[in-house]
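Okay, so here's just one chain, in structure tokens, the form predicted alone.
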């Protein structure tokens, strides 16, 4: 199972996937906001979303798991 992690600390602005969704490589999964910049977090391989670990408004630290892909 692949874990998609936050590349930096920030606040979750948007979650673009839900559990059970099929995703493609490079698809945006979560949008973070940090230092007034929007940072898209993308999947690196195809798969199915097994679990979404964050919600809009959550604060995450660098390395926190955002989405699990199977």
Partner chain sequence: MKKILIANRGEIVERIIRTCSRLGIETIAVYSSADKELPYVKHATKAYEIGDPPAAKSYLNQDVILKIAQDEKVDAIHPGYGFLSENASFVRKVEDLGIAFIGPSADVVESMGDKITARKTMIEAGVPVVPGSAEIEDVTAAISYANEIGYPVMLKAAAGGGGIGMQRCENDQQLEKAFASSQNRAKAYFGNGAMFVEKFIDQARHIEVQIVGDKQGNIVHLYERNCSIQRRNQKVLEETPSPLISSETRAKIGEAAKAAAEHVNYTNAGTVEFVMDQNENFYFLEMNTRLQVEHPITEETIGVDLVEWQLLVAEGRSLPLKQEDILPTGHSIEFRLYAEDPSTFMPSPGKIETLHFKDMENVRIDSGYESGSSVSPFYDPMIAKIIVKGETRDEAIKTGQAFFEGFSLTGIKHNGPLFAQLLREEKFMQGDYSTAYLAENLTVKK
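Positions refer to the first chain, counted from 1. Note that the coordinates shown come from a computational prediction; the quantities given were computed from them, not determined experimentally.
Quick note: we don't show the form predicted in complex with its partner chain, though the next part is all about it.
Not displayed here, its partner chain is approached by residue 13 to within 4.5 Å at the level of heavy atoms in the model of the complex.
At a distance threshold of 4.5 angstroms between non-hydrogen atoms, residue 34 is in contact with its partner chain in the model of the complex. Put simply, residue 65 is far from its partner chain in the model of the complex: not one heavy atom of it is within 4.5 Å.
Residue 38 belongs to the set of residues with a heavy atom inside 4.5 Å of its partner chain in the model of the complex.
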